[in-house]
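Taking the form predicted alone, here's one chain by itself in C-alpha cells.
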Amino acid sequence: MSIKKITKQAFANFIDNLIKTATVYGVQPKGERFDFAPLASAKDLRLDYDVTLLPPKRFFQPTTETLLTFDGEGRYKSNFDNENFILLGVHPYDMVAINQMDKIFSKDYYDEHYMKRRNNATIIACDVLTPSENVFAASMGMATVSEGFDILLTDIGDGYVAEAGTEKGNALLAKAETTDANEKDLEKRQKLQQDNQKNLNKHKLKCKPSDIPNLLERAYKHPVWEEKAKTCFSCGSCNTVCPTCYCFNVQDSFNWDLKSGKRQRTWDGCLLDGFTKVAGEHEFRSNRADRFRHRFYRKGKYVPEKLNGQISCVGCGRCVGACLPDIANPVKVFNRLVDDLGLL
C-alpha cells in the first residue's frame, strides 16, 4: 500500500470534494467536547481533538436498530442499512476497538447487520495530537494502530503523512493531490507515534496487559468488588461510552393492529439492574458487586479468551470521565489487584 504526503490545503480540498459525492461523518466540536457528526465542510473538521463523547462503534452497532419487520401472516423482512459512508478522524485506540468488534461480530454467528455496515464503511483514522485527560492507551499498547483503517493520517506540521491500508484506501487517496512521503516526513511520523506510545498514559498500569487474565483468575473473591460497588449507581454509563462493549437486548413491538410489527435491538450493559433477568424472573447477577466485577472480567478475561489474549479495554478513558462516583477506572482496579496479589 502507498504512503503519501498531502498538504493541509490539498487535504481540505480533498475532503470538500468527498463531501460532494459521499456521506462523510467527521469529528466536530459539540459544546466543549467533540463527537462524530455529518460533515458539511472541511473547515468544520477537527483532527486535533482529544476524545469523542461516544465511540465510533455506534456507526456499526447503532444504539437502536430495526432487525426485521413482520406481518400478521407469518411473513417477515430483514432490514439492512445499505448506506456507504466515510468515517473520518478515528483515533488508533478506537480503531483497535473496531478491529475487535469485527472479530466478535464475525466469529461463530456472523452478524449480517453489523458486518453490512462495516463493509460499507471507509475509515480514515488519525494519530492523536491532543491527549485527553484520562487516556491510558499507551499502558494497553493501543496508542498506535497498524491495521483496520483504510487510510491513516499523521499530522507532521506542514501537512499529513497519509498511509493507505487497503485497496479501498489506496483508490480513495488517489483522488487527492499528493506527493510521495520522503524520509524526513516518515521520521516526523515515527517520532509522533513513538511519543504517543509513551505520552498517552494519564493512568499508568503496573503490569503488562497480558498479565491481566492471570491476575483476574486469582481475584474473584477479592474485596475490591464489594468496596467499589458500594457507590455504584448501576447507571451503565461506563458500558455506554465504552468502544468495546457490544451487549444488546432484542425486543419485538407490535403495531396498532396487534399483528404486524418490528424486531429491534438496543444497546444494553452488564452494569444495569435486570441485564441478567431471564424467564421466571430469575436474575443470576442481581447483586451489584457481581455486576461490577463482571465488567472487569469481561474486559480482562472473558473476551481475551475469545480473541487470543486481546484485552478488551483500549485505554480511551471515556469510562473514567463518565463515572460520577469515580469507580470505573480499570487501571485503578487492576493496580489494586497487582498491589494486593502480586504478579505470577
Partner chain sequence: MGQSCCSSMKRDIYLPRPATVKKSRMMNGTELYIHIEMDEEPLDFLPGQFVEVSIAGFGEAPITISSSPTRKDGFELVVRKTGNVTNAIHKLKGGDKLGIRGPLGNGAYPVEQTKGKDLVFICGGIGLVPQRSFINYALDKRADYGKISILLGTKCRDQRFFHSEIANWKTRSDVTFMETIDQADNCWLDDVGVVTTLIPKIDYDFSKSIFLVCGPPVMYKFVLLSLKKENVPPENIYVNLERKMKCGVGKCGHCQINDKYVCIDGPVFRYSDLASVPEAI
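Residue numbers count along the first chain shown, from 1. In this text, all values refer to a predicted model and were calculated from it rather than measured experimentally.
The discussion below concerns the form predicted in complex with its partner chain, not included here.
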Original post:
Just one stretch in 197 to 205, 82 to 90, 266 to 274, 155 to 163 has heavy atoms within 4.5 Å of its partner chain in the predicted bound form, so which one is it?
Top reply: 266 to 274
**OP:** With its partner chain left out of view, choose which of Gln190, Asn182, Asn249, Ser210 has a non-hydrogen atom within 4.5 angstroms of it in the predicted bound form.
**Re:** Asn249
Subject >> Distance check, Ser146 to its partner chain in the predicted bound form, heavy atom within 4.5 Å >> reply: no
**OP:** Evaluate Glu112 for contact with its partner chain in the predicted bound form, applying a 4.5 angstroms cut-off between non-hydrogen atoms, and reply yes or no.
**Re:** yes
Original post:
Closest heavy atom of Lys306 to its partner chain in the predicted bound form, within 4.5 Å or not?
Top reply: yes
**OP:** Answer for Tyr302 alone: is it within 4.5 Å of its partner chain in the predicted bound form, judged on heavy atom distances?
**Re:** yes
Original post:
Can you name the residues of 196 to 221 that have a non-hydrogen atom within 4.5 angstroms of its partner chain in the predicted bound form?
Top reply: Tyr220
